[in-house]
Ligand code: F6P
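Starting off, we have a lone chain in the form predicted on its own, written out as structure tokens.
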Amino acid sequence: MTQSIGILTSGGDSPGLNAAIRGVGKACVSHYGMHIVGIRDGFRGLMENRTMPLEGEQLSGILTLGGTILGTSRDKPHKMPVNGKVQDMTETIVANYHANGLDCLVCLGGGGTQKNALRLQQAGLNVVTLPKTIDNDVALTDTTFGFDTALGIATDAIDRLHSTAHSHHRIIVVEIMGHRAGWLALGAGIAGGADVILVPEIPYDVEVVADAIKARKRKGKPFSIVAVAEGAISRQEFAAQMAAAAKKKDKKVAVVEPELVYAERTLRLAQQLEHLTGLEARVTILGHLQRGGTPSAADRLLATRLGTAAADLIEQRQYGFMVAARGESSVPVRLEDVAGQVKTVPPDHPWVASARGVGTSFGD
């Protein structure tokens, strides 16, 4: 019998989502003769039964588009605001899945989406997922689509900031996305030639950062670029978090903070560096600029490769997997092994070693 497949995008928008939708859709329709249903605005759209057809016409011309033609949301099936109250809408989602005659639900998203997809699998749905996020922090995949594009945007921003930093003899502190993973700041910092890179995985000492900047000044370089991940923290903050976690007898330190706190921390860092070095400091927060625009060729290729691999899994009726990138291949990884895991930067990662090798300071 012809399989009917639902596709949704969840979480933050990311370059390559439309390429992935196209990859899944075209392979399912053209290669396997399946029926595709697009679900609007993530899990909320499935709860509200808002769908759209995904035929050849809808899948044509979207490869180069940023964002997602399906729309997205951060709603969770088990914690969804409805009529002013947060409710568990899992049963409604399951009912709408069956009402649409779906045989499988394809979920495109980051770490939160993997957890929500697993919950729906445990509720009895057939699910396949793809790893999407500019943060590159989804576990058990070499990379996620969206990361390469954001990396290029952040690198270009650092390139442009070099000229104004040099001209005015300033410290430019540029805040880069990534939540609690430093992949984006690390990669862009290396590629853009940042003098200091601060990531969440390596707590920094502001005095050490200031000393690195002053050492550059003594060598006749009275300017510096500081690439800081939005989740980077000082040693003092890290120690405070560890103490609080120990007090609660909780070995996991998982402090989720709003974006405003990230910005406040970055501004405070700039003020501290200005005071300690005697150099004028300016802050640039790239924010959602990193998530927009046309996806890079690498992200289009990755999204298409993973999307068509998802179609192969669905044809084989292998459900409950995330399609992960491994080298130039793709492999199915059990959702149970992915959900709840975060891929952070190992302090001894080759990128870190390379950055240290060219004299970049990590503030440690």
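Residue indices: 1-based, along the sequence shown. Here the structure is a predicted model, which means the values were calculated and not measured.
There is another form of this protein, the form predicted in complex with the named molecule, and it is not shown here; the text below is about that form.
Only one segment in the set 121-129, 93-101, 286-294, 240-248 has residues whose heavy atoms sit within 4.5 Å of the named molecule in the model of the complex; it is 286-294.
Note on the partner interface in the model of the complex: the residue among R216, K76, R170, H179 having a heavy atom within 4.5 angstroms of the named molecule is H179.
Residue T133 is the only one of S224, T133, Q114, T149 with a heavy atom lying within 4.5 Å of the named molecule in the model of the complex. Along 209-242, a single residue, E230, places a heavy atom within 4.5 Å of the named molecule in the model of the complex.
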